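Considered here are two forms of the same protein chain, supplied as structure tokens in two stand-alone entries, structure 1 and structure 2.
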Structure 1
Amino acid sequence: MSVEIWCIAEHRGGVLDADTLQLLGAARKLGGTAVAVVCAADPAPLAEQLSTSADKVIALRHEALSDFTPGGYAQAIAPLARERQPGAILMLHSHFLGRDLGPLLASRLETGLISDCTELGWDEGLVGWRLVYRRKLLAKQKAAGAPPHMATCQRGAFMPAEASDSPGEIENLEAAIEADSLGWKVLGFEEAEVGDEDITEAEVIVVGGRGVGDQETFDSMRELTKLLGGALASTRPVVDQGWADRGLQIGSSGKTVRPRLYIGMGVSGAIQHVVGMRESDVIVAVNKDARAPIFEYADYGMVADLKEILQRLVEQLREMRG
């Protein structure tokens, strides 16, 4: 496939959202030409940054694009998309673009939108996999009709595009926008508090599942996490029990992670959790149920009582560290 795949860049305050590079990685995985589309009052710095990871950058400039508004971005992108007919347009799902711009842009282009995709493919059109029915089933959906097809992608579901020594071409265009028709404007931003632990950045993650059984056992996993220099995380049942904060949850209704080492303690391996960790480099699973689905994904598995294994790991790591 040689068609262009447009990836709408997410940014604020002149700072690029690094997860935009995951969209470019998804475009490359589809076999298309990875085109970054950046809208801003002054897109030049962002365009230069994106050019190292994209095959091409389209920089759309207009004063009305100084802050994100769905109407402004749609006015800038839709006419160009109608003219050039890219194969697909991708956006991040969990922020402004996917939630606000995606539906509006799909409506103006008279095309469908596959939302919150954990995987993408191409079969004479865009194919997306997403969780449905309270995230209990995995649905495969195919875009119908003529391109451009559209999808929003779950953060962390795709590997970021690697930087190249040969930067992609940058095309600078002046967007045609009726500023009076935008309907609203941004007055400011208030930053939400961020916890000390960011599991999406951790290279080692120890995860407690339903099998930990109680708050005390989950808390005891913190020592193992500390000895490994990693982060503690959980599955949804642990959060629902109140043993862990929601910010530590991995899975379709939590966060997606790609650590170098994932250690699952008492994790059953339900698909809702697996979609958030299956791209980990090395997966270690400890579960007393030999039929637990997590073993299908594990590089190393132990059918054992997690409390016993946890204690032995902590003791051996203490010895190693003196």
Structure 2
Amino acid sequence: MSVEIWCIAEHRGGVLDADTLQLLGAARKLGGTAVAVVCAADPAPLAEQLSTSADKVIALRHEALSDFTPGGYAQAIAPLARERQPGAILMLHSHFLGRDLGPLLASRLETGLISDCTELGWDEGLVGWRLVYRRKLLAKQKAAGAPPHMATCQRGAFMPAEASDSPGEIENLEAAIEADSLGWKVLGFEEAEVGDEDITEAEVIVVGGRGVGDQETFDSMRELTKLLGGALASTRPVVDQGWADRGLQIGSSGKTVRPRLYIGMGVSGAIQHVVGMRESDVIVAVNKDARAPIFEYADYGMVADLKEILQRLVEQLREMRG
């Protein structure tokens, strides 16, 4: 039997995060037995669901696992990982679970964690490839320390595991958890803000990035969106600066859009933005830096000052429309 790769399932409110299947896909690609590890107060339905794509499911049950807490999950998983020594432990590089649990578990297991991997392999231990220096370089990194080695995987980097005809076996275990060392008390969950206009509905979206430079320039883009019959949206720094409402943000911590036409101005093309727009039909990018990563996702690119392009777009569209 091949080495076990444990994939920590992510779920909230009884709903499985489908990207967990990408971890199982990564585990298969590594040539291992793809084991889904699910922690919950009632893991049975999730375990059953995971068993269709995993070779095996470990379901860890405890009342204290009703919400995700880093302390609860680490107490459930660490002793078992020490005892069984899987080949590697994978989780999503996620805001919800991975960023807290990944380093915590790595610390308790005294092992190395390679963050935000886009590819994985073996080289006397786990190796991972990740983009660094704003995606200008690719680093091949190797986990040191005691196995099992760990990695977090970038969303969308691995193909989800396919469902198989013979469901994987489910092993049910009762976790031992000290309820007063969970780390957090969960108070509540709140849905993202939606702005006055719902950008996810728009057919045409013009996006201002940090390169717009100020509120005035950002606001002036509304003229273009009016002419195009579309919506104005932004990247995160534009929201952070207070130039746009949070409801207008596209990306991993904002909205995911799929318009027929996306025009990005002064947008560098960081992965956290790109995940929210790369499915757009036609992508146009304006950036003064010819090496900006956004051009790798665009259909049409212009290396220019966005103000000059914006002004001409407005003029020429007005003329066109008469």
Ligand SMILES: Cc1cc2nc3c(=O)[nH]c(=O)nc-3n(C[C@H](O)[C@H](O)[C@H](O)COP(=O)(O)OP(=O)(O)OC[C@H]3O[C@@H](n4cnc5c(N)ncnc54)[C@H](O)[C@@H]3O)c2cc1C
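Residue positions are counted from 1 along structure 1's sequence. A quick note: this is a predicted structure, and the numbers were derived from the prediction, not measured. The term rigid core refers to the maximal set of C-alpha atoms that superpose within 1.5 Å between the two forms.
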Is structure 1 or structure 2 the form predicted on its own?
1
Once you line up the core, how about Leu126: does its CA shift reach 2 Å between structure 1 and structure 2?
no
Spell out whether the Cα of Gln249 moves at least 2 Å between structure 1 and structure 2 when the two forms are superposed on their rigid core.
yes
Has the Cα of Thr152 moved 2 Å or more between structure 1 and structure 2, judged after a core fit?
no
Superpose the two forms on the rigid core, then give the C-alpha shift of Leu306 between structure 1 and structure 2 in Å.
17.2
